[in-house]
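The same protein chain appears twice below, in two forms, each given on its own as structure tokens and labelled structure 1 and structure 2.
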Structure 1
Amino acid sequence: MNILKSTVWLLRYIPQFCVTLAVFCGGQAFAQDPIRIAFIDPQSGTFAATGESGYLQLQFAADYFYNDKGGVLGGRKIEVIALDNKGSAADSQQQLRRAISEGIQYVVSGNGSAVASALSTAIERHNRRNPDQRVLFLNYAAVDPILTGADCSFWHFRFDAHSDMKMDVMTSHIASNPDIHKVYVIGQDYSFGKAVGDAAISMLAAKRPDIEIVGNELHPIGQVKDFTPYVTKIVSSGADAIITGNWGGDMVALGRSIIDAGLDVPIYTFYAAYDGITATLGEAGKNKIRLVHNDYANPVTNDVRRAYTEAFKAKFPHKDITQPRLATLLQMLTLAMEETGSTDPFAIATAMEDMRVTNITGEEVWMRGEDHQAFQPLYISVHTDENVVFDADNSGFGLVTEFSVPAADTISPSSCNMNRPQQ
């Protein structure tokens, strides 16, 4: 009897319990709610540093450019919700379902091409299976060419340049330096590392056939304790430039080992800046480390960009603006909303095709309709402490742009055969 009573008593509280666990019990979106964007990136674990700072930057950009100026679509605010995918493809899908359950229609992600391609596939499938609950995928950093190539999707938009575009710029810069005759390529043993190596070799062969590739090395990702043995090989190969697609701990360790060995050659990288890397490379890496990217670095001349960066630094003194293109992403998204007067992902996606906006650095960005790849000028910057207005990691060191390629020269033909859904 007692048990029965207490069971009834417990049952009465279940609805209340469910309200507390509202996420778990599901919810619905209302018309005048804020426009919500799910930011699916690592917020915990090894890769959390980049995901965490990406979230802060996206929310800050939303506040700075829109929410503080009255919102979009007649006063609706933009709210960014960070969903932790722990760097895993499966967890990303879990978080995608959470976003869909909460009625979110836009997903922003970018850390890791494996995760991005899993998300792109999952969203493509979800939209096909549930045409009334469609979701849009805005990719701000995953650079595998396949995402806007063979595996392109109508629902996926990429705001970063893909790795082949970046490699084209990098090899042009190398080719323009007559002192470079021997190049060593080293990378992490996975698709991106291999793609970087293959692209570097084929592009250099086309641009400067006299340059000899003296090494094409792959090392296991995240497993190498000490890069000195690799550096020994680099030294004995007589290389006078190094290309690497390494990121995170592997980038720092490789850079330090090269510098410690006294090897004084340019090191061309994709990701050797910010999140502690700049501070760790410090004085020793000065004028040696170069980086290819699409975010114009120092010296900042544009007032919008300067004011934006200063406002961000005032709010988060220990963080840096590492992804200015998150602002471009919001620009295109909100412009599409205002143009169509709707938040429907299909309408937005259609409006964003072949859209052109002027980004916060004052450059024109074009979103190609064929494959949803953004085109903008690309740059090579050098790691130094001279002429640095906005440094990285508060270290005094930062990136200074020394070579640029206009957007028109970065365009390559699209290989995307897009499957376009009906309204």
Structure 2
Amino acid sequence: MNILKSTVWLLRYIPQFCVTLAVFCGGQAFAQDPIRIAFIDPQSGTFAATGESGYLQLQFAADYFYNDKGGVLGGRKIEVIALDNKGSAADSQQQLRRAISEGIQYVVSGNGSAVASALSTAIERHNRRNPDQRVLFLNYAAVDPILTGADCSFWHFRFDAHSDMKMDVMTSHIASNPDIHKVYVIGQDYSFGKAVGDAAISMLAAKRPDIEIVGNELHPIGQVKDFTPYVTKIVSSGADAIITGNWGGDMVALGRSIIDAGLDVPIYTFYAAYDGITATLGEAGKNKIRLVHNDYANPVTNDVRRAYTEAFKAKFPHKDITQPRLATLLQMLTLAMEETGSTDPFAIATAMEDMRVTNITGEEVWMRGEDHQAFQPLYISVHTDENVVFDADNSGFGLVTEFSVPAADTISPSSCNMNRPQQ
């Protein structure tokens, strides 16, 4: 029995001993080998600013919390490799093949849901065919509900709330405003944009059946430079509120057109902040633009978040912390590594199921095991220059939280029927 226990113990911890003692294991020296993460997101094109920002934040979090403090698993550093998918599902699959050929075991991506779906499907297929070369997909921002619903995968983990969860919070806020009677929905013509429109219509009908949906329009993603014709229709509809899931360059362009039209109605968004959007909206967006998100904004009361943001701004004066959940992603990933003494994707995925951590804002995040969907508090914040500790785009304007929903109230039933692989 003692021999058996010792053998099991050695098999589990040999990889960590190899790192710590800097000896050769299986013909390879692991002491200085970094843990590499492929960041597959736009680095060029319409959405380049969003992808570049995410890459910088992920590598900064890796350095701030781990690399500058000795690394993980006895000294291994985390290296983030940016692979440009140009916002294309086809290019994403090409970059995935490149990552796999280079022996990378972890893929991080988030913009947008069509890309995430293509990656999840490709990784599921690859892992089934290559059990000795598995890859884990960590999704930080693609929010189509189907990714943790009907199309869920054991190899996919989502760290953002999906769009139905966010829309539930958004429509509750809208329903509480007695001055809103007509709502116009506009979004990008792909799976996420359609999911936003469908959820807005059904949820508002249930919560405020007196509210009229006066428009539900989709536009080509990344192709519209001037949204004036769309905004003209919004003005003509008599809408007294707008809902949009637009992000990146499409949100900037839509925001400009709304400002130029002088439209004075509340605008409920998923991504109308940072990366040039806040600076574009400026004074014209004050107290109009609202954002649903999973990070408490201003005023900043948590010392960990404050120090983290100050350090990031010191290194990147013209950038902002737009995706604090990237730090949560690394927190869960590295905790799973330390708990298992391994970097094996199957072991890491199993360890992350039902994991609970406290994020840099001081809130608990739970990764539900049955569908790999993260749950955390959700907030609605308003674009303003009052009580702002950390602004965005160095504009003097930022987000101030005005409405919050605890994590327990965001939990929805799972529709995932996960195919679980054998070890």
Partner chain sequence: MFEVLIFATLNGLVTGLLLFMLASGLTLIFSMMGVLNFAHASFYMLGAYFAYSISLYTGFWPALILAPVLVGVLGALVERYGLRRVHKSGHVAELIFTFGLAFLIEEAVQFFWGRATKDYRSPDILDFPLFTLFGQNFPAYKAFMIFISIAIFIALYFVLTRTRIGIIIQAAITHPHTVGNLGHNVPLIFMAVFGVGTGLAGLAGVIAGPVLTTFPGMAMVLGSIVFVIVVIGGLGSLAGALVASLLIGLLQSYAIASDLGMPDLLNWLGVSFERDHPLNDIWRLTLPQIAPILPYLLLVLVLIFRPSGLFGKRES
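In this text, rigid core is short for the largest set of C-alphas that superpose within 1.5 Å between two forms. Not measured: the values here are computed from a predicted model. For residue numbers, the reference is structure 1: its sequence is counted from 1.
Asks: Decide which single structure shows the form predicted on its own, answering 1 or 2.
Replies: Pick structure 2 here.
Asks: Against the rigid core, is the Cα displacement of Y184 between structure 1 and structure 2 at least 2 Å?
Replies: Yes; Y184 is a residue whose C-alpha shifts (by 2 Å or more) between structure 1 and structure 2 when the cores are overlaid.
Asks: By the 2 angstroms cut-off, has the C-alpha of D240 moved between structure 1 and structure 2 once the rigid core is superposed?
Replies: Shift at D240: 2 Å or more after core fit.
Asks: After superposition on the rigid core, does the Cα atom of A150 shift by at least 2 Å between structure 1 and structure 2?
Replies: It does not, since the A150 C-alpha is displaced less than 2 Å between structure 1 and structure 2 after the core fit.
Asks: Core superposed first, then measure: what is the displacement of the CA of Y230 between structure 1 and structure 2, in Å?
Replies: Core-aligned C-alpha shift comes out at 3.9 Å.
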